[in-house]
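Below you'll find only one chain, the form predicted on its own, shown as structure tokens.
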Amino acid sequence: MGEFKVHRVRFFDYMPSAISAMAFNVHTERLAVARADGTVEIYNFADNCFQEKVIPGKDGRTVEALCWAGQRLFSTGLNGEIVEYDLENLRSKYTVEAYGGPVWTISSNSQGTQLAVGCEDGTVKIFELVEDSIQFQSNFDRLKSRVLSLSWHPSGTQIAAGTMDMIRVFNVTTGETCTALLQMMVDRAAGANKKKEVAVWSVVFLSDNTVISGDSAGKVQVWDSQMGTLIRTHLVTKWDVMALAVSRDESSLLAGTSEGSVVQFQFISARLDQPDKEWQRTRTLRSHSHDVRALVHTDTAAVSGGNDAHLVVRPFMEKVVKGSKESAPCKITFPHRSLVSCGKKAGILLFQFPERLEVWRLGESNENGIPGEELSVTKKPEALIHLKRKGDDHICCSTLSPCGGWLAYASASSVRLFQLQYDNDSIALTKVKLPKVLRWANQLCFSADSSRLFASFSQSSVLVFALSKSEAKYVHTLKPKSVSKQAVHLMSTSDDGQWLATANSDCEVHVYNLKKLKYHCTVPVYGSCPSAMAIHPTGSNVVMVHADQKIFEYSLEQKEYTEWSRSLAKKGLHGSWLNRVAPVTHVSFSASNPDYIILHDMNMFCIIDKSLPLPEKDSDLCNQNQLRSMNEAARVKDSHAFKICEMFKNLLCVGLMEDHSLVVVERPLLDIATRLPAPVRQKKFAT
């Protein structure tokens, strides 16, 4: 595997934002996740839960609720606006004022033709979906308090609305109240004030006209919407039931609590000899430390998120094959894209936050030691720049040139370029004006010699700019021979300055010849989205790792897969490698050893030595610690091309610097947990 001097970096103070809402599109198997800072993330559940798109947030814009209407995604928030998102260019398409104060909830009918929103002023408003817009249609009878939750009947003729102390069922055609379900004046706890209001945080309207509610009294209640009567009450917690989600066949229900638990109910018979079915509590899942604010019930799993910022997928074991990849629980904390950029020639790092950028110089040590030994630092890491963004839009991408002399970042409304000049211990930052043709960008990348800037634009096109001391000059626009309108999420350039490769969420990888400034080829499309990609510094081969963990190497000169890639595809990857949940987020190479491919995910980094044989499928995929514990004969027998190191955890970046040292950026989950607000009090054993 070789020896590296490792810079173990733990001063990237990244803090994920709480999850505030989720919505699942059963037709495309896309999960939309909204965070407290207004960011919206799109996960592809048909592709290993890969985070294929991120729509950055904006100051002053919160997201309280999300919903899909066909292929269109909408959100609402406390600023009183309804937002539709442009899922191709990854930005908000337009906003519509609801004129009802803060909007707490949004829901679409099953036909995808109408939206209902619940407002602070007690109104439920209906909007009709038209092409590229929505139009106000009607107001329902105003209620006495804010509307916190909504649910359409599957037929689209009625809507259940949860407010303070009350659930109302409306006729969609007339806008009048069909039923006012029994008022709920429920004690929060023994001895509590009986006049205290109860917030109905979530409602679910079933096809048999049953309404199920979750409230701030900690109860899940089952109602008959036609008679307006309570059928059954389940006391789930002493605190709040924040969210409900029901399965497509309406046989299973999930309830998320402010204690961090998810409770499952199933519509089953209480006894084997009893034909009548009722909602029975069947299991409790504990995956969170804080409030569960959002829930989704897929066909095979419970998906939950909340104030601890974790997106958790817990499969139902009776719905999946035991031991399969689908049966493994999944917890997603970090984005499936890089927030760290390395100036490998200058020994500096760029950290991306939504509101700022930080540039750090790595520490130094003059010592040498044995593997695993910690070396004393002769020069500590140093913070060089703290750059606040301009405007309200959050930073969506950033990059640092390999020489450390250029820095660029982009938001939904602007792109900014800066030149960095170093003078001993001081640093000067100079803004460089960009041509007006570059209004925004989804991805940014510098050439290896830092003489060019590449910016991905609409419809997977790339703008090329030449950099000089005081200006950036527009050179050319590279366009793929493709009809895809999806945004580029990966870009990579070759060290010799000849090649540029881009990847989009349609699983396309386009390659351009930078010497001729024209399109070169498209790699054969594989059905899983590329999660990481890089061009070999000497071999003109592009290595791609996909969300399903498959690895491919493609020759750019021959326009075909390499012999190593063909042998890898023929033999197949080891089952333990393919069953990993976290996607590979970065690929790099060793200039001193062209056979090394360095890649990492959140839990490990791996060096693939192409000169060694691939692991046998019937053997264990041993990591380096396991191999070291074996005797010599067993070590030789189990040695293979995949050199896996699991010494470091919670990885945000693993990069190789020009001096052949390795930079490992970690963000321990314990550090994140200590900065979270205190959860509600939980009773613990012997306390």
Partner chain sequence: MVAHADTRVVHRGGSKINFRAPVITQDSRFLICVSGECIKVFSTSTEECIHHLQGHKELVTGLVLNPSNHLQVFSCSEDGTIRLWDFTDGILIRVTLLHLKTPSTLHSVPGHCKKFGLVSLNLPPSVEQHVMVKGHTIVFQSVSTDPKCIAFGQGVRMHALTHSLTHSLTHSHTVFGFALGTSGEMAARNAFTCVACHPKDDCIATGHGDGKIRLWRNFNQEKEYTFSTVHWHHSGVNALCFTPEGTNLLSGGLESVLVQWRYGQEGQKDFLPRLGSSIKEIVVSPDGSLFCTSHTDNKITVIKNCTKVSAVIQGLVHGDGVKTALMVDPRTKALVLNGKPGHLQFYSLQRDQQLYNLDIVQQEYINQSNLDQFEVVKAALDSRGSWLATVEQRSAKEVEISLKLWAFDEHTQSFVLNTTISAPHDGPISEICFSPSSQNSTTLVSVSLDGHFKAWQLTQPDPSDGKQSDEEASWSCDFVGDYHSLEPKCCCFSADGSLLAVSFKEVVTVWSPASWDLLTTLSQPPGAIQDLCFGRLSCSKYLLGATDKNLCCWNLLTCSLEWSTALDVSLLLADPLSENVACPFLFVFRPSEPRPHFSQQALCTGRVTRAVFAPRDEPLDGCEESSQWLNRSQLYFLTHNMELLTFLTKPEEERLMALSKQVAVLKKHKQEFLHTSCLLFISLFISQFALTLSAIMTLVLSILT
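Please read these numbers as outputs of a predicted model, since none were measured by experiment. Numbering follows the first chain given and starts at 1.
Omitted here: the form predicted in complex with the partner chain. The next part is about that form.
Discussion item. Looking at 207 to 215, 260 to 268, 512 to 520, 556 to 564, which stretch has residues with any non-hydrogen atom within 4.5 Å of the partner chain in the predicted bound form?
Written reply: Comparing against the partner chain in the predicted bound form, the contact stretch is 260 to 268.
Item to complete: Find out whether any non-hydrogen atom of Ser110 is located within 4.5 angstroms of the partner chain in the predicted bound form, and reply yes or no.
Response: Contact check for Ser110: no, nothing within 4.5 Å of the partner chain in the predicted bound form.
Worksheet item: Contact between Glu318 and the partner chain in the predicted bound form at 4.5 Å, heavy atoms?
Response: Close contact exists here: in the predicted bound form, Glu318 approaches the partner chain to within 4.5 Å, heavy atoms only.
Worksheet item: Can you check whether Arg281 is within 4.5 Å of the partner chain in the predicted bound form, heavy atom basis?
Response: The answer is yes: Arg281 has a heavy atom within 4.5 Å of the partner chain.
Practice prompt. Using a 4.5 Å heavy atom cut-off, state whether Ser414 contacts the partner chain in the predicted bound form.
Written response: Contact check for Ser414: no, nothing within 4.5 Å of the partner chain in the predicted bound form.
Worksheet item: Looking at Arg142, Lys388, Arg248, Arg232, which has any heavy atom no more than 4.5 Å from the partner chain in the predicted bound form?
Response: Partner contact (heavy atom, 4.5 Å) among the options: Arg232.
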